[in-house]
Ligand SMILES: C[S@@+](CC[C@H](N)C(=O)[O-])C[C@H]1O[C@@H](n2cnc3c(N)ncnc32)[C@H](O)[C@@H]1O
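Take a look at this one chain, the form predicted alone, written out in structure tokens.
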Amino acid sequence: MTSEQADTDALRRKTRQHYDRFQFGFDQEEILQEKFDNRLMGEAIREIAQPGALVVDVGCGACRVARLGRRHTQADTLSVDLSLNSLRYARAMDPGPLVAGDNMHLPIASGSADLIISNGVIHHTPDSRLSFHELARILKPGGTLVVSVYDRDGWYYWVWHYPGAGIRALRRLIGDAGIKYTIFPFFHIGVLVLLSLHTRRFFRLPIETSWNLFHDQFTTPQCEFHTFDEVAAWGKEVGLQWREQRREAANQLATLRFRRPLESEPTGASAA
């Protein structure tokens, strides 16, 4: 094993341990509905018309895609996550088939998925570009890929690198117990206020869910940022057509939609 492979394995192990401890469950009904109504993932799910189509949610967390698919389509959803504890948490929501898998080496046959959604995941892997290539590998001709990454040109880039660096340094000094009684209460109140303004109703967020969200936002072992042009170039490398792009999640995420052309169509071309 090379030193690079050892570093990759160590980072993957740290990421799995992080999300085993802090399972991402930030998908209350109001949030779930907003994703369906206003985001590219919701548009793509609405367009899955044929019964038995395969939707793959890579980095599923709380299985938002499976829950939306079950309500609004007759498609089959396969939910994949690196964290076993996240999958155990999601199982209570009866999302259908769950797979423990690494999105750099997905245990899924090439060209098998009609729709792939990976929302805010590949920037936590050892190599975002190779993770994108792996998503593209399992997409069938005519299929759609919707992928979201942290936006290099958005506000969260500065929050992660500057206030976030201070939070991570303080955590090393006072531990999670200290963080929970100093910085976290301000985070929790801020999230409640912002979500209440966004949804125009009083928003309830369980403390445990907010605590895990805090760690997703500030202490995850790996966090990369990418531009629209960068991700579009990855799509071109693997013959996908760029279809649409949008800033989402209060401009935290850069989301792009791709399509794999049919064999009779040209590859790599953009389409409006």
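Each residue number is its position in the shown sequence, starting from 1. A quick note: this is a predicted structure, and the numbers were derived from the prediction, not measured.
FYI, the form predicted together with this ligand isn't displayed, but the following is about it.
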request  = Name the residue from L98, L82, V146, A136 that puts a heavy atom within 4.5 Å of this ligand in the predicted bound form.
outcome  = L82
remark   = None of E244, D216, E224, E43 but one has a heavy atom within 4.5 Å of this ligand in the predicted bound form; the exception is D216
query = Hey, of 112 to 120, 188 to 196, 68 to 76, 171 to 179, which bit sits against this ligand in the predicted bound form at 4.5 Å between non-hydrogen atoms?
reply = 112 to 120
ask   = Heavy atom to heavy atom, is G235 within 4.5 Å of this ligand in the predicted bound form?
value = no
ask   = Could you tell me if T15 has a non-hydrogen atom within 4.5 Å of this ligand in the predicted bound form?
value = yes
task = Please run the contact check for L240 against this ligand in the predicted bound form: heavy atoms, 4.5 angstroms, yes or no?
result = no
request  = Look up in the predicted bound form whether N103 has a non-hydrogen atom within 4.5 angstroms of this ligand, and give yes or no.
outcome  = yes
